[in-house]
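Next comes just one chain, in structure tokens: the form predicted on its own.
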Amino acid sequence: MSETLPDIEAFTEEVRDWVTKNKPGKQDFLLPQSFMEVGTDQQFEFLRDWQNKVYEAGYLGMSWPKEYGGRSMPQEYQDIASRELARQKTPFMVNTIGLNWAGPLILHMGSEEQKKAFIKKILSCEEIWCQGFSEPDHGSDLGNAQLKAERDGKDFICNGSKIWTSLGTYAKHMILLARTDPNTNSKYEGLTFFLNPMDIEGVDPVPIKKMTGEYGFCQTYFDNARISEDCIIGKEGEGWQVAMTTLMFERGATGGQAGGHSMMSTTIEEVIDLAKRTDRDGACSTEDPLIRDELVKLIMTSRAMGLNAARARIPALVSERPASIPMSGKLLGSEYAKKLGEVATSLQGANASYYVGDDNAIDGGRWPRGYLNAFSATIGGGTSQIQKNIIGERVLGLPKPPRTN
């Protein structure tokens, strides 16, 4: 006999009440703005405890199967919980890569053993996941990955490095794309996808200091690291297809994520409030026609993105190109966040040179820090330039640009 689902309105009130009573207050240390900025043990422990609290309350992984730690409820209920967590500006879910990329992939393609081993610990934040895709010498050319994984019996010996490994020093596992066969006709062949343990000998994540002064990224070195063939997801040599499935989850083009939110988003309303508290040429910034024009453009973009999200759920309104909205979401959202940060920083004039830690910084230096951090989202998961190519080719059906020597 199936469990009776709660009434939608009653459930919404339940979530709102729980979040109101349980959301953390202001901390006496600087909180990261996304999972890509977690650089201290204090930040990490705080965020891990918060994610676990949300999960134990039943508001994370609600649509994931109950036998693996979820609640087997319709996605609608998770969407309500996620929206409320974001609306009340609660801390983000630190295990973002596990919740949104690795977890959905394992549920979609993993073995029964992998699902039982990993899914619940992803939700509870007991085990953190990181990503091993980008390499120092190959940028956005994921298909040219060169980290070698040479078979040795039932193991693979890995050598090389991955870069921009968010949460690398805290992760228990890495979704890793490695080259297991260098002698193929195409660079997209001979790649294998591993659920790689991070606590084995020969794996060394080294933190990278960013232009914000924070840490969060790593370069992860593999020096004769031995990985079992049991860590493969999919088939040996077919890692490119697995990686493409993972990126569809990462970019939000395919559903199945666990819920919650992955960053502290800035809203246009907050930027308008900042404009009201800053001056331009001796008058309030909102009196300047050029600034008003910029703000109106941002309001229009915000409204259009919200309406697009609603339209995507109505098949009749997207029948011509059903993938257009999901596949453009990452590009539009990341570029919009960067533009918000740019406008907010410019509103401060010379005061924008004050940064986090400066007594004279407006709002504690939040705005220039957020602007600098916003660039990471336009790079991770495929740069904005790559996203435009994907939309052009896969949504609009445009030909690939000619190769140049």
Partner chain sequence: MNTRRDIEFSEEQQQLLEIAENFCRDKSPVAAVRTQIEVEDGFDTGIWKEMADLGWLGIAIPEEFGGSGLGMGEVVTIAEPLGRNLLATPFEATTLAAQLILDAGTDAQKSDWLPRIAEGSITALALSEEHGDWDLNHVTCEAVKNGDTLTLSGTKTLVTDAKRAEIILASVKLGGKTALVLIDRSALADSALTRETVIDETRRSFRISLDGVSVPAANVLNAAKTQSALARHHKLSCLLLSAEACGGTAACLNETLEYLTTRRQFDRFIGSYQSLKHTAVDILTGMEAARSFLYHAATVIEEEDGETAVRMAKAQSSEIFSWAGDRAIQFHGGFGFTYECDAQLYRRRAMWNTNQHGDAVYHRKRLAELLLD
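Residue numbers count along the first chain shown, from 1. Just so we're clear, the structure is a prediction, and the values are computed from it rather than from any experiment.
There is another form of this protein, the form predicted together with the partner chain, and it is not shown here; the text below is about that form.
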item	value
Contact of Q42 with the partner chain in the predicted complex (heavy atom, 4.5 Å)	no
Any non-hydrogen atom of G349 within 4.5 angstroms of the partner chain in the predicted complex	yes
Close approach of K388 to the partner chain in the predicted complex, 4.5 Å, heavy atom	yes
D49, heavy atom within 4.5 angstroms of the partner chain in the predicted complex	no
Segment that reaches the partner chain in the predicted complex - one of 66-74, 52-60, 336-344, 25-33, heavy atoms within 4.5 Å	336-344
Selected contact from E270, E150, E189, D288, since only one has a non-hydrogen atom within 4.5 angstroms of the partner chain in the predicted complex	D288
Contact assignment for the partner chain in the predicted complex, among Y170, W101, F156, F217, heavy atom within 4.5 Å	F217
Contacts with the partner chain in the predicted complex, stretch 351-380 (heavy atom within 4.5 Å)	N351, A352, S353, Y354, Y355, V356, G357, D358, D359, N360, P368, Y371, L372, N373, F375, S376, T378, I379
